[in-house]
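Let's start with one chain on its own, the form predicted on its own, as structure tokens.
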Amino acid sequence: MLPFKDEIEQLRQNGITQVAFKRMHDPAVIPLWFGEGDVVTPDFICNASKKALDEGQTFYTHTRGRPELREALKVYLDRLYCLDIHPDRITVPGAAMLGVTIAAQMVLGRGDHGLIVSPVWPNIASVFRVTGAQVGYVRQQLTDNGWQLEVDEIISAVKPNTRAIFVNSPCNPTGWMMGAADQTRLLEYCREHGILIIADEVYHRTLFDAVAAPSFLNVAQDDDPLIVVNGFSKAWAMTGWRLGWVVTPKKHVVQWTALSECFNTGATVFAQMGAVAALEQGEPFVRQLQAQYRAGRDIVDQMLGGHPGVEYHSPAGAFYAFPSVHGLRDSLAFVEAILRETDVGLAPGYTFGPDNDSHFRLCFAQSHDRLKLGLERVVEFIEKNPGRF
């Protein structure tokens, strides 16, 4: 008998990479499957990291992130949310996903229950399951007013052994956002019952009608049961840099120091200098991307909104559409056929949690000509193949 845990043996590849890895670097494919566009990281960010390399900054650095990066994050968050965050609350452990992993490890184990607001990026459930915890979902519902979820529905899904609740807002893949009043209500409940909120706010600047999405940081105290995870991938077009940050309870500075060292030793040192440049100089670029994503959403609205073969509502945030195709039962077979027959890469709905097999996800962060062409092929495929899947 092999010594590996059941939780490891039962892990499966998520549906996005299951489709994408077959033709990931094929130039013939219009790649709408991953959460990124085709805008490269801007020169001012790259040049800051190049300068750090030229200066020989290739050695170990502070486990929780370079001091100048953590200070830049404090300044950025304070300015964005009108706060005064204590510097000890900020850690840069590596990629944002590493922040989610450490947060889950801090509270979940066998016999515990972790609750996830869904639809959700599939790797979150894997992170919860690896701890040995049971995983439960509370699902947003697609209504005439878009994706909706009442905070009392989340609270009603809590079990006596629930130790963590994962909330992604703005949401990948639906674009749903939790408002400040609901954030306050959920945090008050979790404070009273000793439940950790893991708040994924990676899409905090990826929205269309405001400067930033509502943040749990605006309603939290220094030592609330809250870990806010964020990163540079989406707002600054830095997906390949694998840099994220967390804002944690102030009293856990030692624990985050130790866990960051255990999991990653520290984020890549010269990449951190690019992140400093992003925070200090990047606001015009963030606004530029917001405008591009807004126009991309308008294209999706025009091509899918009102289409008789799909149910679609325009997202409030993030840069995804998550339509439901009438009669679709097998989202994996559906997107595999689209890839094979039209050279468009999509993500299957099933991988975003239970009850999503009639859906697919597409990312509209691509340049507009490619997005339009990809959507034209998808719409034509849907119209030619009713009931096939």
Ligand SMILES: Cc1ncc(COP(=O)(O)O)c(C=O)c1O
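In case it trips you up, residue 1 is the first one in the sequence shown, and so on. Computed from a prediction, not measured in an experiment: that's the story for all the values here.
Keep in mind that the form predicted in complex with this ligand is not shown, yet the notes after this line are about it.
Ser118 near this ligand in the predicted complex, any heavy atom under 4.5 Å?
Judged by the heavy-atom cut-off of 4.5 Å, Ser118 is well away from this ligand in the predicted complex.
Given that the partner is absent here, does Phe322 sit within 4.5 Å of this ligand in the predicted complex, heavy atoms only?
The answer is no: Phe322 has no heavy atom within 4.5 Å of this ligand.
Given that this ligand is not shown alongside this chain, does Ser233 nevertheless sit within 4.5 Å of it in the predicted complex, heavy atom to heavy atom?
Answer yes; at least one heavy atom of Ser233 falls within 4.5 Å of this ligand in the predicted complex.
Asn172 versus this ligand, in the predicted complex: is there a non-hydrogen atom within 4.5 Å?
It does: once this ligand is placed as it appears in the predicted complex, Asn172 has a heavy atom within 4.5 Å of it.
Heavy atoms within 4.5 Å of this ligand in the predicted complex: which stretch among 197-205, 125-133, 287-295, 180-188?
Heavy-atom contact with the partner occurs in 197-205.
Of Ala237, Leu226, Ile102, Leu243, which residue is found within 4.5 angstroms of this ligand in the predicted complex when only non-hydrogen atoms are counted?
Spelling it out, the residue with a heavy atom inside the cut-off is Leu243.
Just give me the single entry in Leu149, Ala95, Leu73, Ala316 that has a non-hydrogen atom within 4.5 angstroms of this ligand in the predicted complex.
It is Ala95 that has a heavy atom within 4.5 Å of the partner.
Quick one: name the residues from 303-318 with any non-hydrogen atom within 4.5 angstroms of this ligand in the predicted complex.
Not one residue comes within 4.5 Å of the partner.
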